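This document opens with one chain alone, in structure tokens, the form predicted on its own.
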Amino acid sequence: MNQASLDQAFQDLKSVLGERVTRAKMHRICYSRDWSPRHRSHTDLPDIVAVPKTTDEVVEIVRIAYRHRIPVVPFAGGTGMGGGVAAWKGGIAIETKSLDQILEVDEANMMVTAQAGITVWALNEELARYGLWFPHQPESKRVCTVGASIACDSDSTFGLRYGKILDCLSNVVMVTGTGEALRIGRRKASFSSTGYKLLDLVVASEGTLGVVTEATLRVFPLPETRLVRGYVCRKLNDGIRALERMLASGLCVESAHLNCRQRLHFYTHAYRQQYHRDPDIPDWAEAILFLSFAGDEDVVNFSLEKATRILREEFRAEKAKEQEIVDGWWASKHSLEFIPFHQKWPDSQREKKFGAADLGLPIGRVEEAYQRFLEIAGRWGQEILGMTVYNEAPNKPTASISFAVFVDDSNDESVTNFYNYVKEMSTMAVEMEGTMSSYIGDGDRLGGFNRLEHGDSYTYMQRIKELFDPGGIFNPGKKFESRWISQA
């Protein structure tokens, strides 16, 4: 990529987008990093920012980039934590949030088709008018887009009942590395046994195969009633086994999040802002399990009563003394009803950065992994924030775990040690027959090193990348390279 190519590409883009393309540094800075830990002065400036509004405009942008062999980096809300949108090889940042239109609400078939740049929050605001909702709900939903949820395969508050994004995704339109717009998936059917499952490749591809411009999604009726409760447990494993027992009994649990004692303090930030004290947690409690039940009122009440009985009688767990603890946690996870200008994102980030190793583990290894987490974090000098176990597969416990720490991003050594911590935790995950990442993705941190997890199939992944992106222009430096973790 040389200056002449950039100059010509910029002129070509102006002919397509007019004033919706810029090289001004003040605009490019806005696309220079995400929420991943790195030194606070570190930026990765794209050379050009392009703002399309239609799939056809994205096609033209990619064709120009392919002709000049200039990198293309899709950029949505910028809330990722793995460096997935870092334009560290320069190129064109495609601002996807202007692709924000709802194209169809199909009430009869419980489907919605929308451009991929619409935020999850805005999509649900519109669906509520029809008595519907899209249940894939990451914490960042006010700014996280549908396309980013697909590209990163992020976790959801309601994964235990509805699964991850793939469980709600029917098809997408994706512009490939040669500028071809493909519709990939099942139209509006719930499943298909024909062809290869290319839609599965698009999910978690992090913009390395193409840019998603449109998605068709399964939606659901808004629940009549929802109740959220918290239960303090004597061991982490008690919370996991209690959840297994609830599901085996026939209960339909909407969400289940298990926090270690330390992590609770992060998720009750809103509670402390309002009551100016830490929540009242018994000294013997090593974990707290948050549950939600949703549906018809009588079913919800019965489910809550049955769950409470299982937890109390079979696992000696107790309901949290203060419902305000639960309400504060729920504000953090879902309702987002914060005191103005006081919320954990970004209020808790003013001095140090949130960082995490996001491992997926067999559920029987959680207690062991927690002890290893404490050891590994200590070895690398990480300030422990705590552990949360999310459940992201319908109706079964599945440990998608955030092993979180605070990182001093004013100190290069602190940032380096954080990635050493992530490397050792990722190695541990593979040793425990798990995965290095369950919701952040490879980004610019695990690429290359992730061969440890995938073995010989890694080579086939590289071939798939070449098929969709023969010019190697889409989000280079992701999936197969790392700036932070060596392969050695």
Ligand SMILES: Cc1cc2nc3c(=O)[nH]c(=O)nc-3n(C[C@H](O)[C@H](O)[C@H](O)COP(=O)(O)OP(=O)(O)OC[C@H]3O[C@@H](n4cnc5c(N)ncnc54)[C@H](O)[C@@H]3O)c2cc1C
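Counting begins at 1, following the sequence as shown. This is a predicted model, so every value here is computed, not measured.
Below: the form predicted in complex with the named molecule, not depicted.
- in the predicted bound form, the residue from 254, 155, 238, 409 that sits within 4.5 Å of the named molecule by heavy atoms: The residue from 254, 155, 238, 409 that makes the contact is 155.
- Task: Select from the listed residues 80, 185, 397, 328 the one whose heavy atoms reach within 4.5 Å of the named molecule in the predicted bound form.
- Result: Exactly one listed residue reaches within 4.5 Å, namely 80.
- Task: Report whether the minimum heavy atom distance between residue 144 and the named molecule in the predicted bound form is within 4.5 Å.
- Result: Judged by the heavy-atom cut-off of 4.5 Å, residue 144 is in contact with the named molecule in the predicted bound form.
- Exercise: residue 138 in contact with the named molecule in the predicted bound form, heavy atom 4.5 Å: Heavy-atom contact with the named molecule at 4.5 Å: present for residue 138.
- Message: Against the named molecule in the predicted bound form, would residue 96 count as a contact residue? Criterion: heavy atoms within 4.5 Å.
- Response: Yes.
- Contact of residue 421 with the named molecule in the predicted bound form (heavy atom, 4.5 Å): Residue 421: no contact with the named molecule in the predicted bound form.
- Query: In terms of non-hydrogen atoms within 4.5 angstroms, which of the given stretches 229-237, 269-277, 187-195, 146-154 touches the named molecule in the predicted bound form?
  - Reply: Contact-bearing stretch, as computed: 146-154.
- Message: Can you list, in sequence order, the residues from 257-295 that come within 4.5 Å of the named molecule in the predicted bound form, counting heavy atoms only?
- Response: Residues within 4.5 Å: none.
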